[in-house]
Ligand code: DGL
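Read the single chain below, which is given as structure tokens and is the form predicted alone.
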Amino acid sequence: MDNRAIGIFDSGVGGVTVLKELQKLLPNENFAYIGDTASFPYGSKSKKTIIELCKKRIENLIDMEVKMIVIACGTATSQALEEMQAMFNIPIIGIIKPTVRYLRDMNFKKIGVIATTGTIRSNGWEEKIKESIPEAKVQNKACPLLAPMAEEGWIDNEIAKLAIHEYLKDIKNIDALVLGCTHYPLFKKIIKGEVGENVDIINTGEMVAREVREYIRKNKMENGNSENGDTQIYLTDLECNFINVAKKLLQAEDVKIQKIG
């Protein structure tokens, strides 16, 4: 048994969609979440900068003595996961591989991917999908406005609807749409209305939660506590709308935030 927390980080509030799924599947685990709000957004930054930011956040989490780390960010996963795994002696899981495994198991062949500009530019999703599903046809689309809109809480207004319509209008004839940025599940209702009921909307947080559960069980790292676990949230900049969006996501009356450097 291992009662240490599971560490999670993202550029902002998007990774809370992953935290929510982890809490659902692993209610007795402890979590430490870092939102790097001072450096938001990651999607427009260079690979070198993203690696530096990820290194700092992982060092923060290691200082908290977490037992494993989830990179709850599509951009950071696509551009820095392998470097972080080589750099640190701690289990680190990103959002891409668990999701690709699900796509393969479900036998999806016509796949859309929406993500930040940096993630689409890196081609990380398409490469991993085609490694696992060589016959897959992948349609990629960068949606750079969605993450900043999610941070503002603009997730169900006319601006969100117009932006999503514009981004998705050219994605046609798909079986599944991967929400390749963890902010995007906040727009799931609008996205579903745009692509139709027959398209499977893939929330990467659900796939990551299953992967983490399997990993900690296999490696006997479960928390021995039978009660609900504790979640600590840290932000690198408190002057943001994070708390309002996080409350809605976690369905919590009070979300306590601590500052971290």
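The model shown is predicted, which means the values in this text are computed figures rather than measured ones. For every residue, the number given is its place in the sequence shown, counted from 1.
The discussion below concerns the form predicted together with ligand DGL, not included here.
Student: At the 4.5 Å heavy atom threshold, is T116 in contact with ligand DGL in the predicted complex?
Tutor: Within the cut-off, so yes.
Student: Could you tell me if A147 has a non-hydrogen atom within 4.5 Å of ligand DGL in the predicted complex?
Tutor: Result yes; A147 sits at the interface with ligand DGL in the predicted complex.
Student: In the predicted complex, does G35 have a heavy atom within 4.5 Å of ligand DGL?
Tutor: Heavy-atom contact with ligand DGL at 4.5 Å: absent for G35.
Student: Is G43 near ligand DGL? Define near as a heavy atom within 4.5 Å, in the predicted complex.
Tutor: Result yes; G43 sits at the interface with ligand DGL in the predicted complex.
Student: Where, among 83-91, 134-142, 158-166, 67-75, do residues come within 4.5 Å of ligand DGL in the predicted complex by heavy atom distance?
Tutor: Within 4.5 Å of the partner lies stretch 67-75.
Student: So which bits of 178-206 sit within 4.5 Å of ligand DGL in the predicted complex, heavy atoms only?
Tutor: G180, C181, T182, H183 sit within 4.5 Å of the partner.
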